[in-house]
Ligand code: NAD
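As structure tokens, one chain now follows by itself in the form predicted on its own.
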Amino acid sequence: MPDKYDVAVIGAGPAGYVAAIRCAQLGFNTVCIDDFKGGDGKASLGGTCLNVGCIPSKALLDSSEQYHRVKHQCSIHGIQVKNASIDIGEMLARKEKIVQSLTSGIKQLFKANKVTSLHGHGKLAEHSSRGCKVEVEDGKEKRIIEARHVILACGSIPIDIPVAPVDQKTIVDSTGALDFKEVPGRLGVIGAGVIGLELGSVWGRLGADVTILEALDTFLPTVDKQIARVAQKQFEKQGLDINLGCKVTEAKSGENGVAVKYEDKDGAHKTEFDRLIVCVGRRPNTNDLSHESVGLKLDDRGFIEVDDSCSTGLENVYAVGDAVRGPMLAHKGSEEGVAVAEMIAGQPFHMNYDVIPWVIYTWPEVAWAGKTEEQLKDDGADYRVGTFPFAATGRALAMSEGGSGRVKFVADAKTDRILGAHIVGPYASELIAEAVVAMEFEGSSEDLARIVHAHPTLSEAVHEAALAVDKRAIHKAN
């Protein structure tokens, strides 16, 4: 007889494991099915994010930032460090320790919340108004479980491009780039998106000569242009060679590394790298997710089709996270998982897709929420802008982080409601939260302007940018 559950969740990444925990908290007998294996070949919860994505990349970013500060910034504080070096093995071991701590933590959370965890590939086998059957295959055997509700949280995987076949040796994807055993002398990166910039920054700080080849003519097209320009200048100042409008036509591994051919407005070119990272985006991991007879609908890009409340059109079957429309962000997936769990329990579905924060964890960091100035122009909106530089804040200067970073708000010209918040600078990932709270409550720039911000703090730049919307900034000429 098959096992029976109230809810079956397929996928244990940030969308899936959070959905499973919330379902269990609400009193549902819940099972979470996942087939991810760690580097040791053992089952590991947390999906791409915790195992080979968000968490390990941030660990390496932090390690490389520390090393870069010691090598290049300590002297301005009067701290002299001679012959500083980096032990790549120790750095990677620290990363793995952090990953293991967090993935085992999910295991403990499942145990505490009485979530059943099954390792194997989950596949929607049958669907009816009475419930669903899910096939679980672990490589040795298949079993069938029954569930009244199913939440699909199968995540995403890196996009492959035929001209640069990944071998995880000299040509790697974002996963392989987390495990270089030595710093490449010449590192090529295909793609100047979030992942390419973060991984390029890691190895660039450690000494690699990094060249980024981006097919688009625009740098970070989803980012406010003013903020993107500031960020690009900072990255190039750090040594990242960012080339836009470059289409890679061939990449071949050889004895001396990787030979790459590409084309730009000036014609065809050849270059060589010791390692090449391919990070041109991600696609939904929806292959073999259901039997054809079930009728689960995918769009032409492989995304699961859902309505505004993440329902698939199949009764009691929902989909969340990277496999559905919207940004591929861990926190977006987690909140969708919570919203669906509560909807199953009879509560209203709640997600505000207009106020989801985005972050690029480079240094300086880049963070934003809401609309860019360019989007508002295209919409024909009547808006006002307020900006403020970190260089005019005492805390940033005390940290030697004045640079050219800034906070920018765009607000409705009539109502003053904040329509977009954009930050490039130190700890932008943390500072954006204040703006998100204000925007979620449909707050105005005046609301933030009236809040007393501690001095000296980086958050004063947020305060002054809000004041600047009404040309009332105190510490800069308006």
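Only a predicted model underlies this, so the values are computations on that prediction, with no experimental measurement involved. Counting begins at 1, following the sequence as shown.
One more form of this protein exists, namely the form predicted together with ligand NAD; it is left out here, but the text below deals with it.
Report task. Could you tell me which one of M351, L296, V99, V359 places a heavy atom within 4.5 Å of ligand NAD in the model of the complex? Result -> Exactly one listed residue reaches within 4.5 Å, namely V359.
Query raised in the report: Considering A231, A192, V260, C310, which brings a non-hydrogen atom within 4.5 Å of ligand NAD in the model of the complex?
Result: Contact with ligand NAD in the model of the complex is made by A192 alone.
Query raised in the report: Does each of L213, R282 and L329 have at least one heavy atom within 4.5 Å of ligand NAD in the model of the complex?
Result: Checking in the model of the complex: L213, R282 and L329 are all within 4.5 Å of ligand NAD.
**Report entry** Non-hydrogen atom contact M343 with ligand NAD in the model of the complex at 4.5 angstroms
**Finding:** Residue-level check for M343: no, no contact with ligand NAD.
Requested in this report: Look up in the model of the complex whether I161 has a non-hydrogen atom within 4.5 angstroms of ligand NAD, and give yes or no.
Outcome: Looking in the model of the complex, residue contacts with ligand NAD include I161, since a heavy atom lies within 4.5 Å.
Query raised in the report: Should G188 be classed as touching ligand NAD in the model of the complex when contacts are defined as heavy atoms within 4.5 Å?
Result: No, G188 sits far enough from ligand NAD in the model of the complex that none of its heavy atoms falls within 4.5 Å.
Query raised in the report: in the model of the complex, does K58 have a heavy atom within 4.5 Å of ligand NAD?
Result: Close contact exists here: in the model of the complex, K58 approaches ligand NAD to within 4.5 Å, heavy atoms only.
Requested in this report: Tell me the stretch among 399-407, 77-85, 300-308, 196-204 that has any heavy atom within 4.5 angstroms of ligand NAD in the model of the complex.
Outcome: Going through the listed ranges, the match is 196-204.
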